[in-house]
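Next comes just one chain, in structure tokens: the form predicted on its own.
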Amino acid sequence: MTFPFDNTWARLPEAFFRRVDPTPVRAPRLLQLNDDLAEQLRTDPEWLASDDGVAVLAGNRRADGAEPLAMVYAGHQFGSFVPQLGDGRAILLGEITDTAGVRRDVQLKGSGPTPFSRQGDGRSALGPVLREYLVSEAMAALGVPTTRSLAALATGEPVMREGPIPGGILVRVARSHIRVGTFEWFAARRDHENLKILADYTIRRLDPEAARSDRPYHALLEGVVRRQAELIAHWMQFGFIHGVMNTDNMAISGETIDYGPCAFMDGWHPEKVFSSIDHSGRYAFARQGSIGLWNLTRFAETLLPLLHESEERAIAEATEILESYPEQHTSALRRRLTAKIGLTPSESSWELVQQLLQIMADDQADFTLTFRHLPAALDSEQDSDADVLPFMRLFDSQDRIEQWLVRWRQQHADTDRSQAQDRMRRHNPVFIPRNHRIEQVIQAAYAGDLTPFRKLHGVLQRPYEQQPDCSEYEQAPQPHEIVRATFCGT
């Protein structure tokens, strides 16, 4: 038994990658296996959990049909262009067409040095592996397009960061690892021949609608713009901050990729930043929409030679497509945030959202708990009722939030309240991967205890359901538990 690989990227010109095998590790140990995802990939979970399967997942053995390689890409990092990045600590094993007919990459992260490692060790600490496994699978359960985690492994050997810490490997699955930075690699080298090969490949693999278009490269840009506008709005619905929205971390497929210094907000503030390396707040929560447009503009620049032979005409056509992004993103964001208060988009419902967010910011009310407890406030006109108290206790400004509730209930006067509550509960999770819980999981894992990891993972697989035995995972952190910065896993 092995993976049913069929590797189209490996059949592209050699300029697209460097062939490299993973570096074997001392004593690989499987920590978590995603059985459901394995079955979707037409692979037997029991085989993956066997010694032979673990050897493949760890990179100690090459699976039949695998063609290990490191993909090339460049990227704008915090606004500055870096012409050569590439897979410095990741190796693509190959591609699988899953049970739904979707082609997916299987990649190892932390699998040893590649030609793009830039003097790094190509390894990962165990903590970032567990973080990405938890957050990516939580995002999938929340319904957000994302890369997936097939397996998390311990390597049995340390990596050196501030000191020696246990090493790990993540097995990541994605519709594709093609990034905006992949296009930037060829554009920066004025390699228009391979740029066209890349665009044609991307269209065939990811955008059949563009393949049927009379202007496929225009349609490709339109599709990427549309997917990113919706994706970033989807993040913001849950208070998620990606943390490092460089162009090499924007996937053309519209999936969330690269969970490094990411975090979900506890106390709400639109300018919240978690990433320890984002000193200027470039990737703050409220700036994610505009950064999406900035990144898409860099993508459009790479396509100019394909859009029209006249550069002036190509710029005009790309600009017209990009100008559709703000309305698409704003529309998606309004639709998602008004649903969180049980309403449909309108000027009055959006005004209510903005008013609530301002009160939340002033009082530092917990983002997830505010919206989670809001449906109960629709049942009663008395804000002192027991069902409403969990919501009211989140605020210091009692008069302001009471006045807001009056206006909100008036908006619901002509609606079916049970339907409105159902709408809210479908858009407002009970559980998110809170930062302090993830940190507790990582510290326990470093001490050899994976029980907290497995329990948290199980809770996050049912984010919209009440789980009475796990109510502690709903709660915001105590002051001494608050996580104020997150770190890149490199």
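The numbering used is simple: start at 1 and walk along the sequence shown. Here the structure is a predicted model, which is why all the values come from computation and not from measurement.
In what follows, reference is made to the form predicted in complex with a small molecule, a form of this protein that is not presented.
Among residues of the shown chain, D258 is one whose heavy atoms approach the small molecule to within 4.5 Å in the predicted complex.
When contacts are judged by a 4.5 Å heavy atom cut-off, Y73 counts as touching the small molecule in the predicted complex. Though the partner is left out of this view, S275 does not reach within 4.5 Å of the small molecule in the predicted complex, counting heavy atoms only. Although the partner is absent here, D366 sits far enough away that none of its heavy atoms falls within 4.5 Å of the small molecule in the predicted complex.
The contact with the small molecule in the predicted complex, taken as any heavy atom within 4.5 Å, belongs to D87 out of D105, D87, E184, D266.
Interface residue among Q411, N194, Q77, S213, judged by heavy atoms within 4.5 Å of the small molecule in the predicted complex: Q77. Here the chain stands alone, but in the predicted complex its contact with the small molecule, taken as any heavy atom within 4.5 Å, falls in 118-126 among 328-336, 118-126, 224-232, 370-378.
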